[in-house]
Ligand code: SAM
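A single chain, nothing else alongside it, follows as structure tokens in the form predicted on its own.
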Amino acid sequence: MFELPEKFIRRMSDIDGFEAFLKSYETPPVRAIRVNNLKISVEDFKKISPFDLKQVPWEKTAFYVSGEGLGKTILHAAGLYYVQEPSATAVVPELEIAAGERVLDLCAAPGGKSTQIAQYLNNKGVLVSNEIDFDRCKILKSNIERLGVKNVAVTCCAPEKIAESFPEYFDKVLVDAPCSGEGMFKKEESAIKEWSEENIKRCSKRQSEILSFAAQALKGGGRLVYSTCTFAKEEDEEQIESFLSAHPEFKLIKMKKLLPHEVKGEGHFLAVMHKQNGSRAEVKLRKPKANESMLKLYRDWESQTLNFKADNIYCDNERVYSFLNDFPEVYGFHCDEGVYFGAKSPDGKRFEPSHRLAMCLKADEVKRIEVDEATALKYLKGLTFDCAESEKGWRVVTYMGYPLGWCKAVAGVAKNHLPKGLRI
């Protein structure tokens, strides 16, 4: 049993149900998964789920689960679900997203809320997932890749750069702000060690700055949702009060604090605000061009491997991507837009597909090799496996019809092309 900081206990002593609040820290963390309905329906997932699923009340795709190794199953590798703290899943529904909208997740890593937003968008419209920290941005991209999100641009820059590049561009903006992490005490020992009132003050100052840039990126009539996984008033209620005072064009719709003794979860705060004034600003939309020789290399591979002809793609001299309609020209920061399809081989003679492309495909869209559980585990370890002699060239490895990654079939052997960093 860990010890809560004394100053934290004193700060929380005036809440309703204080004794029950303290007692909640004597129980293990509550765990949940969110079914990825970009790939599988909730009904179909229930038929194959290895877990006992109990509905999370505020998110239709989220379920309480128990046990270890939630992130080490074949179904997880296939991107059929995301492991997420249950109270954190309460935030995205408050955005009231409609398919086709432009949505910004300003502080997006590790990607739980971004991938949840993507499910509501249903691969339509534009999602910009931004993370200022480069290492955390890599984790964000990995989760977006695994869940097969197509309509996303992952950016790695400061919030002020987003405000400058996307003025009044978004219909909805989420600020899941970096915070003092009081709701993480049971999950991460480092959250307790790093907690201090000084850190609360630092977080509060940074949150205020981030919110001001979020306001600039939101169109008139748009919705802004602010959330934290902390209970400090300076970062929650007082933060919103200060923001509304400085931004009279915003109106508070609701404010909610989920406390661990009142809900089945570790705790979250959220506030929903409406921007009453302003309009959507005009932005210069990007019009990508295709390198003809690279495009031909890709089309030759596509005709042998995929069961459809991809549109909305562009190429430079080496790589092939999809591009997002309705996306502006952006400069001066790292931006991975759309789906990275793959690149020219080192000898320049062939196209080699990306793992990202494999994870975005459905079973009927690609030539594939279906494997059983034992072979799927073998594949996820990075090993080769036997296949039919008739199989030749690039194939997606599927388990229960869901892609795990690429292999290359040669003379009855499927050579493993799962990226080394993803192998178990």
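Note that residue numbering begins at 1 and tracks the sequence as displayed. Source: prediction; values computed, not measured.
There is also a form predicted together with the named molecule; it is not shown, and the following applies to it.
Interface membership of Glu131, defined by any non-hydrogen atom within 4.5 Å of the named molecule in the predicted bound form, is confirmed. Looking at Lys161, you'd find every heavy atom of it more than 4.5 angstroms from the named molecule in the predicted bound form. At a distance threshold of 4.5 angstroms between non-hydrogen atoms, Lys113 is in contact with the named molecule in the predicted bound form.
At the 4.5 Å threshold, heavy atoms of Glu302 stay clear of the named molecule in the predicted bound form, well away from it.
Checked against the named molecule in the predicted bound form, the candidates Leu224, Ala232, Leu127, Ala108 yield a single residue with a heavy atom inside 4.5 Å, and that residue is Ala108. Distance criterion of 4.5 Å from any heavy atom to the named molecule in the predicted bound form singles out Arg136 from the list Arg136, His274, Lys256, His247. Contact with the named molecule in the predicted bound form, judged as any non-hydrogen atom within 4.5 angstroms, is confined among 303 to 311, 256 to 264, 171 to 179, 191 to 199 to 171 to 179.
Contacts of stretch 198 to 220 with the named molecule in the predicted bound form, defined by any heavy atom lying within 4.5 Å, are made by Arg206, Ile210, listed in sequence order.
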